[in-house]
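Okay, so here's just one chain, in structure tokens, the form predicted on its own.
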Amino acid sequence: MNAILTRIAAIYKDSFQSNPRYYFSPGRINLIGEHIDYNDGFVLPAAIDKGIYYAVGRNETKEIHFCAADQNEWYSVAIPAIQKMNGWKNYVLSVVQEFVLLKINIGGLDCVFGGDIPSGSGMSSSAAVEGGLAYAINDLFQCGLSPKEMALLCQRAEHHFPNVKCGIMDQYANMLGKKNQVILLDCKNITHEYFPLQLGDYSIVMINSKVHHLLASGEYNVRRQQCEEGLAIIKNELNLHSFRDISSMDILESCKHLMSTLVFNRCQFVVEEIARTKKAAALLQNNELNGLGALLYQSHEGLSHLYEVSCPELDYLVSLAQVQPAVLGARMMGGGFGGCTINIVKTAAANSFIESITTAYQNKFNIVAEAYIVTPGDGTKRVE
């Protein structure tokens, strides 16, 4: 048993009389396809070997007792009294509420959770929190939901109490990830293919900027509204029903005069990012890593200047990576306004890359960045 799970188990044993089961719910990376899942495009995520551990047991009441071990915070509520709260409570309570809304008869739970995925890092700690609890409830009460159904339940949960109108990518990767595989996820049809992630002499290095600007959740919803505004014009003028139906920028340009510059820029990024993601999957199949790295830089350029979800700290981290010969590609990852950059780095040079980039970053912003080398792992599962 690893150190995190040992700590979770000890808290549970000291706090509750019920017998727990243990679960691991991973965070995720996304190679490319940012902000595309809620625009019916394609994304290329993978579950990772960092995440949230859960100890959960039935207590044969109608009450749920939560302990967020990393925050040392507790909360108890009767299932019929569940309502919207703040912070981490919103994510777990909304998951329980989704089971109630499905009219699935679940009972009381004792629950302790904690992990090693940094909050606000862009590695989707929220989906990991949601997924671990949903999987545990499904398992303990034999609800019979499939991994895909649980992913959709967790997406609805994030829409409702936390009010983040996310796409399906984070929850899907959390539930359906496979070791050493990436998922090409069709976010319109909710179907997927697996591709082996064969990086050879390269590794995935995450650099956590350790900043999380307050704009993040509100601006996320604003971007979604702007894309919906642009798509409504496209539907009306061109009778095209999705950004994925726009095969070239010339087609989008024909609607430019009907859009504000801001809305056109958002639409341009979405169309280009969908094309980049499909190209990235083809490059992965052919093991063309140099081309994949170039696409990551292009993606960041679009995220920074067209979609405007980057920030000075993230832009600086990517600019540092661009001048490192050991780096194939880098970009910001996640919702934006802080969090991590994802970097494809020569394995032999990973430690020197981390040292040089974190030193330069600290000198400029007086912030000590964190670095993690991650590998694709399995989706949410029960652990012994």
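All residue numbers are counted from 1 along the displayed sequence. Predicted, not measured: the structure shown is a model, and the values here were computed from it.
Beyond the structure shown, there is the form predicted together with ligand GLA, which is absent from this document and is the topic of what follows.
- In the predicted bound form, no heavy atom of F66 sits within 4.5 Å of ligand GLA.
- Proximity of D37 to ligand GLA in the predicted bound form falls within the 4.5 Å heavy atom cutoff.
- In the predicted bound form, G338 stays away from ligand GLA, with no heavy atom inside 4.5 Å.
- Ligand GLA is not shown here, and in the predicted bound form it never comes within 4.5 Å of any heavy atom of F141.
- Proximity to ligand GLA in the predicted bound form, defined as a heavy atom within 4.5 Å, singles out one entry of Y75, Y297, Y194, Y220, which is Y220.
- Among L252, L199, C166, L93, the residue placing a heavy atom within 4.5 Å of ligand GLA in the predicted bound form is C166.
- Heavy atoms within 4.5 Å of ligand GLA in the predicted bound form belong, among the stretches 46-54, 29-37, 348-356, 311-319, to residues of 29-37.
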